[in-house]
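Before any questions on how it binds or moves, here is one chain, the form predicted alone, in structure tokens.
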């Protein structure tokens, strides 16, 4: 059984030993206006500290497939997943359904609990009568833009 946006290759979120901080610009950039930004470097930001709120309950996993494109989750993206957050309806979760891990949005349709893809090509997945284990709530998605990665 395949749900098209499966997850694979996980790693635990651990604090690194220095060297993780990168410069953070003191201004925001406009998405349609190129501007030299070197004069606006303000503070440093540690990306790990920015996306990992609870290191002991957070892990990273790669997405596979295209069922979550509407939520900005692309094939190969790195997902930041927090196991300590409650899997409430509306949240994107990593969940094993009948032993098959997938990433989908948890939802209620009437009295039924379902998983929703954000790509209209995929039908809702009802959870009643199935073995389900929530592995965590997706908090961040990291992906490279086309042509940006070597």
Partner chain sequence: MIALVDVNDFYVSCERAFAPRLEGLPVGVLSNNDGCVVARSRELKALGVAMGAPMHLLPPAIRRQAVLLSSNYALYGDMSRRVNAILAEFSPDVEVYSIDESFLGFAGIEPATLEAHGQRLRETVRRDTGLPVCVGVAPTRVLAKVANRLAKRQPAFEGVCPLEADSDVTRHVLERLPVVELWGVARRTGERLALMGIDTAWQLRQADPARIRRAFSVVMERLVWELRGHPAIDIEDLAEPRQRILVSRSFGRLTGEPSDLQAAVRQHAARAAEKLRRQGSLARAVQVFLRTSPFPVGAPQYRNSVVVPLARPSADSRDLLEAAGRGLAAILREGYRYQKCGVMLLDLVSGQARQLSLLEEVQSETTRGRSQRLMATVDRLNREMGRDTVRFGLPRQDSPWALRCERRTPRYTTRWDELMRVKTG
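Numbering follows the first chain given and starts at 1. Computed from a predicted model, the values in this text were never measured in an experiment.
A second form of this protein, the form predicted together with the partner chain, is not displayed here; the remarks below concern that form.
K.L.:
Can you pick the one in 107, 45, 51, 96 that has a heavy atom within 4.5 Å of the partner chain in the predicted complex?
P.N.:
Residue within 4.5 Å of the partner: 96.
K.L.:
Since only the chain is shown here, I'm wondering whether residue 101 would be in contact with the partner chain in the predicted complex (any heavy atom pair within 4.5 Å).
P.N.:
Yes, residue 101 lies within 4.5 Å of the partner chain in the predicted complex.
K.L.:
Given that the partner is absent here, does residue 57 sit within 4.5 Å of the partner chain in the predicted complex, heavy atoms only?
P.N.:
Looking in the predicted complex, residue contacts with the partner chain include residue 57, since a heavy atom lies within 4.5 Å.
K.L.:
So in the predicted complex, is the partner chain close enough to residue 61 to count as touching (4.5 Å, heavy atoms)?
P.N.:
Although the partner chain is absent here, residue 61 would touch it in the predicted complex, with heavy atoms inside 4.5 Å.
K.L.:
Consider residue 91 of the chain shown here, and say whether it contacts the partner chain in the predicted complex, taking contact as heavy atoms within 4.5 Å.
P.N.:
The answer is no: residue 91 has no heavy atom within 4.5 Å of the partner chain.
K.L.:
Go through 60 to 83 residue by residue and record those having a heavy atom within 4.5 Å of the partner chain in the predicted complex; state none if no residue qualifies.
P.N.:
Read in sequence order, the residues that approach the partner chain (within 4.5 Å, in the predicted complex) are 60, 61, 62, 63, 64, 65, 66, 67, 68, 73, 78, 79, 83.
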